[in-house]
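In structure tokens, one chain follows: the form predicted on its own.
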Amino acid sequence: MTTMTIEKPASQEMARTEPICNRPLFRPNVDIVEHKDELIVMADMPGTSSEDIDIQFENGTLTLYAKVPARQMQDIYYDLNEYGLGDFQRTFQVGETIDSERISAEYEDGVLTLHLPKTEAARPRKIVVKDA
């Protein structure tokens, strides 16, 4: 089994990282599934586009960032405004069992899907027992 450290959010919605702009950062919820050849990370990032998603991998740290364009009109007074607007950011520490050169991603219907292939050494293999 592959080890992947995942930080626990202090709050369910807000990221702990200081925002560069004066918009809040939201920590997207993720699901992580392990298969024998890869880990799959699915992150909810509605309202963005594939062009506005930035994925960085450096020194074992995988960082996801997505810019979300403004959707609310500036000159309107809202009687009720429940939807918070901000960008998404999430960071993971990834173990050495992931082949960083082969990480891939796709974005569809508000969900970013990352494929983190395991290195050959980390993959399970069947040992054949021969008759003596």
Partner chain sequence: MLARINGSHPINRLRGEMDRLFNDMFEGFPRTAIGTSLAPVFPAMNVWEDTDHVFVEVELPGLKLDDIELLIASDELTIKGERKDSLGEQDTYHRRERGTGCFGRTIRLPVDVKADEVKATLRNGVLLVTMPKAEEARPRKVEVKSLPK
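Bear in mind that the values here come from a model prediction, so they are computed numbers and not experimental data. Residue numbers count along the first chain shown, from 1.
This protein has a second form, the form predicted together with the partner chain, left out of what is shown; the following refers to that one.
(message) Test of understanding: in the model of the complex, would Leu62 fall inside 4.5 Å of the partner chain by heavy atoms?
(response) No - in the model of the complex, heavy atoms of Leu62 and the partner chain never come within 4.5 Å of each other.
(message) If we define contact as a non-hydrogen atom of the residue within 4.5 angstroms of the partner, is Met42 a contact of the partner chain in the model of the complex?
(response) Contact check for Met42: yes, within 4.5 Å of the partner chain in the model of the complex.
(message) At 4.5 Å between heavy atoms, is Glu82 in contact with the partner chain in the model of the complex?
(response) Flag for Glu82 set to yes.
(request) Would you please decide whether Gly47 lies within 4.5 angstroms of the partner chain in the model of the complex, comparing each non-hydrogen atom pair? (result) The answer is yes: Gly47 has a heavy atom within 4.5 Å of the partner chain.
(request) Can you tell me which bits of 53 to 79 touch the partner chain in the model of the complex, meaning any heavy atom within 4.5 Å? (result) The stretch 53 to 79, when checked against the partner chain in the model of the complex, contributes Arg71, Gln72, Ile76, Tyr77, Tyr78, Asp79 at the 4.5 Å heavy-atom cut-off.
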